[in-house]
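Encoded as structure tokens, the following chain is the form predicted on its own, with no partner shown.
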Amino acid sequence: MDKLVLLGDEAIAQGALDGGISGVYAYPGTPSTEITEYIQRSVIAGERSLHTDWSANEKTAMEAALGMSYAGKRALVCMKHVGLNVAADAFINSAITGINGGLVILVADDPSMHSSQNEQDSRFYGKFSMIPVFEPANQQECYDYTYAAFGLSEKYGLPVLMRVTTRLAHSRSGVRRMDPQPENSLHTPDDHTQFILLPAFARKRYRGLLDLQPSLEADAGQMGYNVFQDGKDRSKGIIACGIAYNYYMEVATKHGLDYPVLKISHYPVPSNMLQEIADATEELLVLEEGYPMLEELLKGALKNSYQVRGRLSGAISRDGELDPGIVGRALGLADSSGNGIPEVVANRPPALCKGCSHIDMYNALNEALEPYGPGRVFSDIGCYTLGALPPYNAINSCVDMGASVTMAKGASDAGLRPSVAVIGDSTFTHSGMTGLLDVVVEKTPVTVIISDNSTTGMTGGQKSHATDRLYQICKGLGVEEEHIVELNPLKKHHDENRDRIAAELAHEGVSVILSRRECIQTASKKKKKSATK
């Protein structure tokens, strides 16, 4: 099987497997989830006994991967863009500690916010940390760059960031494999102070990181991933980053365009390559998925004043993902709007599954809250966030993982009574436990509802660290046992559930309500699987 048909995510996973990893660390997050799932199903992973279990959150994943690197092995850590915010402390400092075994951090960005809270561009994290960044344009490059990234990581003793976006992660193409690499042998760092970021050691390593920058830029010009293609029409020069190159080539082929093109897939971008295309053309159009990072960089990198157009100039909208129509209009092509959505296609907003346990929980909660009025429920990120929509209209916030508990605490501190947090079981063990500890320590009157469906439901039903552990976790954090209440969210228990929730809302202290029933989707899959045996 030298050639496979793979999603971009799967190509990254196969590139890591063939690149000799000893483990993958991740928390499920669209559009990155399929990478770890592919490795978990892999025959190679089973034969080698690679580490493939999910982590509690992105920070623990990043730190565990760094630990595997410390031991000399190659590790892949995967997350979506907002997950990198959670992992940022370890991620940024890993550029200063450096690595021992090759370490690649895969981050999948989500322009247009298909399933995310923002359009964050992870290239800025790579620039801020001063490490190499790869941005592939197609599935073959997803494989090739991942495979090569471990060697580059070990060459410079630095982690490498791989950045993809939703369309590339979730589209499929043929991928040709290379010869699999063996795993590294176990070996700890020669310098036993390398990973100790006390100021005396950290200052020295930071200076070393700065000294590496010219070599990193030179390699980005020599490895062949950044490519200049000359053209006959020099009225415009195109700088296209990652998947944006595909959109431009589609438009150029359709309309017979022949502008010089600089394809960017490897950062830091060599300034001489930017200068070359600027000198050869009358104006530049920068096509990049996400923020205008390179467009901003050009203002300082170029020696003279050039006309540079892109997201920053207004030639392309600052928000949303690119497509060939947007690229065509930026090039002044009038017939680039593409085909609109037919009127017969009706919008179908997301909804909780029929039979979902969250439905019965929200119905009971809404009724229990009626005497108090609206605006008292702080929620979190998961399937249950759909409780914000009709017919429930049950929640009033969704900011980041774990913020339900801490926002409810802050509102209670301000005097809001009752103050309610709704959080899922997987999200609770991801980043809700520390917030509950704050609530317990200060005895803040907050009612925390953990809507436990025994899985990570929003991303496809991955295993939850919270399953069968929630009661003991809450007890261990100091919640009084008489105020750890367990509910069975079924319609037949509605009146009982409403009354028990109402009793905890009236309690001037810390309450945790465990609303427990398995996800209807995972239960259905188990039933079907059992029937086929």
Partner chain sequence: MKKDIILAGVGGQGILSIAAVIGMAAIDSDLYVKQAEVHGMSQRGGAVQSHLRISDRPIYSDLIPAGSCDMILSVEPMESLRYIPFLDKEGWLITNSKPFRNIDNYPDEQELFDEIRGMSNSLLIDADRIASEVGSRKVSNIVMLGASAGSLGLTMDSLESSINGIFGRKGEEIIRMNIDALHAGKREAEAQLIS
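Positions refer to the first chain, counted from 1. Note that this is a predicted model, so its numbers are computed, not measured.
Form predicted together with its partner chain: not shown, discussed below.
Inset, instruction - May I ask you to state whether residue 200 is within 4.5 Å of its partner chain in the predicted complex, using heavy atom distances? - result: No, residue 200 stays farther than 4.5 Å from its partner chain in the predicted complex.
Legend entry - its partner chain contact at residue 210 in the predicted complex, heavy atom, 4.5 Å: Answer no; every heavy atom of residue 210 is more than 4.5 Å from its partner chain in the predicted complex.
Inset, instruction - Report whether the minimum heavy atom distance between residue 247 and its partner chain in the predicted complex is within 4.5 Å. - result: Answer yes; at least one heavy atom of residue 247 falls within 4.5 Å of its partner chain in the predicted complex.
Legend entry - Partner contact for residue 322 in the predicted complex: its partner chain, 4.5 angstroms, heavy atom: Contact check for residue 322: yes, within 4.5 Å of its partner chain in the predicted complex.
Legend entry - Single option in 414, 346, 441, 186 placed near its partner chain in the predicted complex, where near means a heavy atom within 4.5 Å: Contact check passes for 346.
Inset, instruction - Could you work out which of 304, 434, 272, 253 is the residue within 4.5 angstroms of its partner chain in the predicted complex, going by heavy atoms? - result: None of the others qualify; the residue that does is 253.
Legend entry - its partner chain in the predicted complex: contacting segment from 162-170, 85-93, 308-316, 370-378, heavy atom within 4.5 Å: It is the stretch 162-170.
Legend entry - Site test, 50, 103 and 463 vs its partner chain in the predicted complex, non-hydrogen atom cutoff 4.5 Å: Result no, not one residue of the spot touches its partner chain.
Inset, instruction - Scan 435-463 and write down, in order along the chain, each residue with a heavy atom lying within 4.5 Å of its partner chain in the predicted complex. - result: Result: 457, 458, 460.
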